[in-house]
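As structure tokens, the next two blocks hold two forms of the same chain, structure 1 and structure 2.
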Structure 1
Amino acid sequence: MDLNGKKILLGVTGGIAAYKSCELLRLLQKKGAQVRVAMTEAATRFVAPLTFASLSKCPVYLKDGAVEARPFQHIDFPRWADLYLVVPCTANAIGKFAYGLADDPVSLCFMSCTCPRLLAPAMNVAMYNSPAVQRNLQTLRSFENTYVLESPAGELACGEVGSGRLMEPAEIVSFIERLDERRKTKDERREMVEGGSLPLVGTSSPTTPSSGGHPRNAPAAPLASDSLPEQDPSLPGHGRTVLITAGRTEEAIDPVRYISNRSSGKTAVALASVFLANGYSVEVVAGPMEAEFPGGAAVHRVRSACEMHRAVMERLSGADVLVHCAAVADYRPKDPAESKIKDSRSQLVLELVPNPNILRDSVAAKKPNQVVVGFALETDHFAEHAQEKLHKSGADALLLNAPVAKDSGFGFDNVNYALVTPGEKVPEMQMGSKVELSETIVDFVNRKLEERHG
């Protein structure tokens, strides 16, 4: 869906993740969309309506009315919209939507809405996994024109760990931009079902779980069951696997000290999300990192470069695509101390040895039809260094990124990047989100696989 000029109604319910709806609103506006906001009374306790009114430049639809409120906002707002988002969507709102209850602005708009509806649940893991919430989510997935984003696992605001996190705003925007493809595919599949030529996957009745599953028995992707990429044979990644390296590596000096590189893991998470949205089965070999992966990715945890090298080489043969996104330490201490080195304030000399080059070794061992993409983080002489690394590695492409611009790079959502390919001039670097960077890589991979497989 091209968001430029689209009218989007944003429903905000009462959860701690409500503050992320402000970021979502701004991202939608940057894409050219017009946004109006409806809020439950509980949501106003987390974010003031004035914040959304200021950002959207439009009165917020509230239970007690709004400035310049009209008596039929519950009809006018959804009738105005091309798309209705409920972000975050609490367990209470999910229950209301499933059973047709409408007693606040967000549920009233859901009831009278005829445009596509997208819900992003966010709550405590115990609530999310409860039979009632899961049953209600299944009911909503069976509704026409309704899409439910599953909640990725990770650390929650309450300190617990598990499913129930709100999908990141940039990932939600990426999902929306591909919504037309999903709706077209879903309609085509429904026509085939009604014609008796294809069983419908993922649109089971509220009381019967869908029997559709992942072709490789990996964890479910963080998307609605009626639009799961791995269940959709028309998507370019259907039946294919991508292996992504992520995070950083830590090379032990002693049991408490180590050598490492900077990496939050945000780029790898964006990559996993976009590959999932394209129908790929996603495996990740991840070193230490702060960002959390969506639930559809199978994540294998490692710590050192040698552990990452071993894990990649073990899984190499089962992947169609490899993307080396991890910040791997080039060197490690030759003889790590078995106990903590005592602080004597005297000089300490560390002898370092090179770590294995995971990118080069995977290229050397790859099959002819596999696609390998590497990363090159540079701080100067960008084009020369990127071309040199691409030539030495033998990869199909190299994503050049430079974390030197203000408010970009490590830990930020934006980065300066360019995709470098053999025999081509290094393109002008551009500033964009890590989701946009990921889309650039996935589009290249899709084209490359199409060329090789026909």
Structure 2
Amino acid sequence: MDLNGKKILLGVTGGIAAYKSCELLRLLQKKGAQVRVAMTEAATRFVAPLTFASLSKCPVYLKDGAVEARPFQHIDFPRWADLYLVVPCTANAIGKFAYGLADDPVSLCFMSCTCPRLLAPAMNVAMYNSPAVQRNLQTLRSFENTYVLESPAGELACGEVGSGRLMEPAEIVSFIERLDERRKTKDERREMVEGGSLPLVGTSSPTTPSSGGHPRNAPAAPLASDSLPEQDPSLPGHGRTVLITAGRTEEAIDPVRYISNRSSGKTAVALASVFLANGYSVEVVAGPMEAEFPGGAAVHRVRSACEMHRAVMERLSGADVLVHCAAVADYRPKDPAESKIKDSRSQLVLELVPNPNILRDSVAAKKPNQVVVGFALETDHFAEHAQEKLHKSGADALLLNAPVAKDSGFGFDNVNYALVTPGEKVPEMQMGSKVELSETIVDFVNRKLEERHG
């Protein structure tokens, strides 16, 4: 959906992430959209309506708002809108929408709007995983014109770690910009399901993307944990397995200390979600990491580079695609101490030896039809270093990424990246979300497999 000139109604409910709706509102305006705001009473305890009124330059629709405005807002606002966003969407609001309750501005607008509706749930992980919330989300996914965004895993405002975070405002905007494409696939799939040409997969299949219209890369965001798109024969990854390496490695110095790096594993989680949404069976060999994988991925845990090397080589032959996303330590201490090294206050020299090169060894052992994608994290001479690594490794492609820009790279949702392929000029690096980066890789892999298998 091109946001320029679009009318967006933003519903804000009472979650800790309500402050992020202000940023979302500004991003939408920057894209040329007009925004109006409706708030629940609970939301007004997190962000003052005056903030939204000032930013949107329009009175906010509130339960106890101006009497003269109230008689019209619950109908006028939704009728005015081209798109209704509920960001953040609380567990409470999700329950109301699913059961048809409409006793506050946000749920009233949900009920009376006929335009597409996009919900961004945000809550504590236990709430998010509760059977009631999951069932209600499932119900909402089956509603006409309704899209439920992913709530990525990570550190939550309450201090716990797990699923339930609000999708970043920039990612929500990019989701909206691709909404027409998603609506087409959703409609096509529904037609195919209703026409009997496509079996229902789980209860969320109306939102499960289809390649019926031959999109190469099915979007990842609406994937529910209990939907099984890999069973959909029309998806590009149907019957195929991808093996992804993820996270970082820890190289022991002694029983309590190690050498490692700052990889959070978020890119691998985004990759797993996009591959799952494209119908692949996903296997992961994961080192230590904070981000959590979606339920559909089979995860094998390792700690050191040598363990990861062994686990990958054991599983290599069963995969059609390998994506080496893990941040593997290049070196490890030669002789890790068996007991904790004492502090002697004198200089300590650690002798390091090179770790096995998992990318090169898997390219050397691969079958001709397997597709291998590596990752190159560089901090300078990007193109030169990436081309050299691609050449030396013999991989089909290398995802060059550079964590040097502000608020990007390790632990962040955005990253500066380019996909480098043999014999082609290194493209300009672009800043995008880790989901977009993953879509670039999956699109490349789908094309490569199509070329190799016809």
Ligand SMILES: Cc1cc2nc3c(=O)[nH]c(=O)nc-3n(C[C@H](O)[C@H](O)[C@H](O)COP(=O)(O)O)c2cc1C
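Structure 1's sequence is the ruler for residue numbers, which start at 1. So that the term is clear: the rigid core is the largest set of C-alpha atoms that superpose within 1.5 Å between two forms. Just so it is clear, the model here is predicted, and its values are computed rather than measured.
- Note on provenance: structure 1 matches the form predicted on its own.
- When the rigid core is held fixed, the Cα atom of residue 313 travels less than 2 angstroms between structures 1 and 2.
- Once both forms are fitted on their core, the CA shift for residue 275 between structures 1 and 2 remains under 2 Å.
- For residue 354, a C-alpha deviation below 2 angstroms is recorded between structures 1 and 2 after rigid-core alignment.
- Its Cα shifted by 7.9 Å between structures 1 and 2, residue 15 is reported here after superposition on the rigid core.
- At residue 123, the distance the Cα travels between structures 1 and 2 is 8.5 Å after the core is superposed.
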